[in-house]
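Given as structure tokens, the chain that follows is alone and in the form predicted alone.
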């Protein structure tokens, strides 16, 4: 049995594929997108989130490890090994563990609790992240179990993995959600930390064998100027493809604070800018929603 490191299993998700879905969030990502709203997804290893506003200084966690010896309201992240003992003891949720190792069968068991809802709504299970294909062995096993149970499956990916990772899950994946952030390689590296060559190579190959929803996150003054180039590229591809434009939001700010990381806030596109972006795809015959 394969194990995966996940940081959340979200039920009744309405934005990660068709119908009502359960989304399994895998931990670990090869990209570092400037606008990332799930910073706890970036590192593969478990992490502790500490919310000082919820800490009541009860001392329940003091003495459990070196990170909690400074005092009941102090947290020394440099000494934390994310064992999760403090989070287990915390009565207010000020300390939370992001990341746990679960067998694929365990994850499937949790997801299948909503099997009836999937049937009624035309939904299913989506593997997201992070990047689920970085843990491809566990992802493939989980998808295989779900498909054997007649559940619609989707994989949400940034595409920056070897093709072999896609090949390992193709048979048991009904739909791929695929991110395109920018066409300009230098800009892509600046806003995500990696080159986009492999991402752009994998997408046409994937479209030959599976339907794809291309997701384009839009951030004013970062990649909004890339819309025309992205629309032109996608209109040149063949296969079952549609586009979702994702408007930037800053809802992940609190997570950065709780992880002890710097948060940089960007301006979201205006509604008018979103409509102009959508029109760019429509005039090239690409189905788009936002």
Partner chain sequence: MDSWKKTAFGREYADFRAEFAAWYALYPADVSAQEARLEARLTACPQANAFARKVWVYEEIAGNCPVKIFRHYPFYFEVVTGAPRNLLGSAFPPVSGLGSWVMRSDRSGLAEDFEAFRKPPMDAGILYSTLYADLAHNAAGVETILNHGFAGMRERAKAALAAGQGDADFLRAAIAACDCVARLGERFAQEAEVMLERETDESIRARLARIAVSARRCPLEGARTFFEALNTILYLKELGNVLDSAGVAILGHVDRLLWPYLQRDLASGEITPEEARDLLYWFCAFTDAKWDLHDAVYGTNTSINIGGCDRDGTPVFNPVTEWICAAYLDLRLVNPKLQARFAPGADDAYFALIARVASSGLNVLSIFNDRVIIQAQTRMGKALEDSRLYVNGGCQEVLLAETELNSRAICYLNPARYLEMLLLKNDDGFFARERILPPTLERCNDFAEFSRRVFRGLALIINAIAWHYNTFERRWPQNNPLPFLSATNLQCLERGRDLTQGGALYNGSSFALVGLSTFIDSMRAIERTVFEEKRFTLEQLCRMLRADFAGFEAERAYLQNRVDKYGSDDDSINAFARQMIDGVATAMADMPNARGGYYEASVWSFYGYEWMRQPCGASANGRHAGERLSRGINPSESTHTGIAAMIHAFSALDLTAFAQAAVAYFTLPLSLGKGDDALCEHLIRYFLEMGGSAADFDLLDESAIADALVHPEAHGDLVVRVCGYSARFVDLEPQMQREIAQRYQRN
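Everything quoted here is computed from the prediction, not taken from an experiment. Residue numbers count along the first chain shown, from 1.
Omitted from view is the form predicted in complex with the partner chain, to which the following refers.
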**Item:** the partner chain: the contacting residue among 91, 150, 211, 204 in the predicted complex [heavy atom, 4.5 Å]
**Value:** 91
**Fill in**
Partner-free chain; cross-checking the partner chain in the predicted complex, the single residue of 66, 44, 237, 56 with a heavy atom within 4.5 Å is 56
**Asked** Contact between residue 12 and the partner chain in the predicted complex at 4.5 Å, heavy atoms?
**Response** yes
**Prompt:** Is residue 120 close enough to touch the partner chain in the predicted complex, meaning at least one heavy atom pair within 4.5 Å?
**Reply:** yes
**4.5 Å heavy atom contact, residue 102 to the partner chain in the predicted complex** = no
**Request:** Give a yes or no for residue 109: in the predicted complex, does one of its heavy atoms lie within 4.5 Å of a heavy atom belonging to the partner chain?
**Result:** yes
**Asked** Okay, which stretch from 192 to 200, 124 to 132, 168 to 176, 91 to 99 lines the partner chain in the predicted complex, with non-hydrogen atoms inside 4.5 Å?
**Response** 91 to 99
**Interface residues of 101 to 116 toward the partner chain, as seen in the predicted complex [heavy atoms, 4.5 Å]** = 109, 113, 114, 116
